[in-house]
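Presented as structure tokens, the chain that follows is alone, the form predicted alone.
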Amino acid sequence: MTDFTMQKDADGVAIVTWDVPGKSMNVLSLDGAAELNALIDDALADEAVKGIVITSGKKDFAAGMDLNVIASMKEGGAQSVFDGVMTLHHLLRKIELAGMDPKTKKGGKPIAAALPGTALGIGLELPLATHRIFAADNPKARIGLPEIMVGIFPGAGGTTRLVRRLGAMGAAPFLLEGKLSDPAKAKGAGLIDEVAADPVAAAREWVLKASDTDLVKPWDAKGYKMPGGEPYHPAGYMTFVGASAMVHGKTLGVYPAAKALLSAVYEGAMVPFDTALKIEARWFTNVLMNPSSTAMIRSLFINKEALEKGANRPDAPDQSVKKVGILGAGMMGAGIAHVSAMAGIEVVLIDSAQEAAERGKAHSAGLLDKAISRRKATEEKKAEVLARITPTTDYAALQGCDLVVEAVFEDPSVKAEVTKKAEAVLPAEAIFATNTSTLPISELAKASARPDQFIGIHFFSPVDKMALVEIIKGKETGPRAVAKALDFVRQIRKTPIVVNDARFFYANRCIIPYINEGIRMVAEGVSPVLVENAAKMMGMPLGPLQLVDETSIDLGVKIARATRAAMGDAYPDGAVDEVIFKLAEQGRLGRKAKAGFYDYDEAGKRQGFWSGLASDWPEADAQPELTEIQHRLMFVQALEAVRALEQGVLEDIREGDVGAILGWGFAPWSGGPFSWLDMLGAPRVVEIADALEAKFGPRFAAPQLLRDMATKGDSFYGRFGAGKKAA
């Protein structure tokens, strides 16, 4: 069985079809590239062939490069990576030149790409090497180069060709942001050439009529000038200076792929095209050999995909949800109702007042109206989704529900009351899930008559935007409940992690210390500006002070009081409470109150730090070193993740890394806390942790697991990788 096949018709058109056996989406392997190379040689040598059309035998064109191939190239070292990339460059350059005379640029055979659907990564780089790109009129298709999102950049000529096609400024959103477009927008932006009802027929017609001049790419023609100007051109100079500032401003130097991409573009723009391809290959090799790219690919692609496909799902029959009941129509419940209805699930949305239930349904209407205004939905789609949501106060409407998600106020007595009301009418086999961010699941399950069918599902706010869902097993939660929760999360197209019950579960037990450490530093006299920027320079999307403003300071007060009550004299965060309690007393509750650590204008836009911080907590004359602040902010999260693994809250480090990035934005460049600790190495981690503990206290104590690993020279992915259980 082969990845590529070719059929030659009576008119002299060779149709090359990409159809990788056993995969729903085409991915390119080196074997596949060799097959394509041989077919191109065959077609170019055959006098009966007048032109070539490359298309797909699947509904989409291609998803990109086979990451296993990239991994195998890396094992051979930098030279292996460079040689592998240059093999692709030679193939695509052969397609681009198509047998034409090197001097006259005549005598080549037209080659077109026909894209039936989505074309990503190499799935666009290959078409960019052809002479004309035709895409199906398929609004669901996505076309683009998303490599930057997993820590690399387009290295098979996509960077060099797109910049020469669109100019550095025009190509920037697609290269530096990984922007994806539907076919119509891709044509408007210049990524493709035509949108057609039948792209194969349109491509076939074009190759039969194409002339020699139609085959010559602008960069291969005499007198070519890059759109927007080369780096040494006055206009181009300003573009590249601005691009460099923009990249550094957005990445703060912690994402190596963005800087390498810009270097490849800048250096490649000043040399002939074939030399630019070698420069691109060298920078791509540089990035691929960087541990950041390994970690990002592993966490954001391989591990994320494995979890979404049910890597840790119990062996149970299909548990797809047909009808879901949502208890509580506040922002969280309304959000869960929306994503459920969008996934085609019938929804019963219950609240104590009909008006509140209707308001919860209206939340979906508002989101759909916004999508319609952005041309991402239609009135028909809106009507279809809203028809699935039944707002009511009547618990009898839960009859027939195979899953209930309770999302009422974070009060055990309130949750217990609605649990009993719901179970009184639910079918015996229905699963009951409680949405909570802090309350122990095993305690809440005591209100249930069937605790083996009781589970925690922690959604993150806003539900429609946040990709992570944390599934929490109570002491008596059974495997079918876990399977039900996982299948539901898959239906609503979120990424699940499964953890065991403990205070704050996994995500909050790591993010709360991060917030607290930032607040603690303010109380110590560390400049708030230094705290926030130190965090961002490590790749955190929000500094701890901005984050607590966003989540609300009064929520922090509530959590602090509950934790203090539970822990008694062992409670460690009194210094933090002095700050947030004082802010709360002054009505500075965060962004929602337009007053917190930051000041806000009437529209809720941050204006800078509140001047009162300096008077209540004066900045010390001597400020700590940047590295010390960064170590405090990062280690307080990462060490807590290790404790969660050591204590059995986490069972799989893949969930720890993916959950950290998707749940609270832990430095995505690092691949997550376990990947980051592996980069540092256990001995160095213990050394830094010991120094922090000596200076700042036991919250930085290295867990015994880390000390054992340091002694044995282990790494987390060496000991617990590939789904190995922590136990």
Ligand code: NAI
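The structure presented is a predicted model; accordingly, all values stated were derived computationally and were not measured. Residue indices: 1-based, along the sequence shown.
Another form, the form predicted together with the ligand, is not on view; read the next lines as being about it.
You can rule out all but one of 321-329, 301-309, 581-589, 93-101: in the predicted complex, only 321-329 has residues with a heavy atom within 4.5 Å of the ligand. At the 4.5 Å threshold, heavy atoms of Ala365 stay clear of the ligand in the predicted complex, well away from it.
Proximity of Tyr600 to the ligand in the predicted complex falls outside the 4.5 Å heavy atom cutoff. Contact between Glu619 and the ligand in the predicted complex is not found at the 4.5 Å heavy atom cutoff. Using a 4.5 angstroms limit between non-hydrogen atoms, Thr436 touches the ligand in the predicted complex. Screening Ala337, Ile111, Ala407, Ile653 for any heavy atom within 4.5 Å of the ligand in the predicted complex leaves a single hit, Ala407. Listed residues Ser72, Ser352, Gln623, Gln647 were compared with the ligand in the predicted complex; Ser352 is the one with a heavy atom within 4.5 Å. For the partner-free chain shown, just Tyr395 of 381-398 comes within 4.5 angstroms of the ligand in the predicted complex, judged by any non-hydrogen atom.
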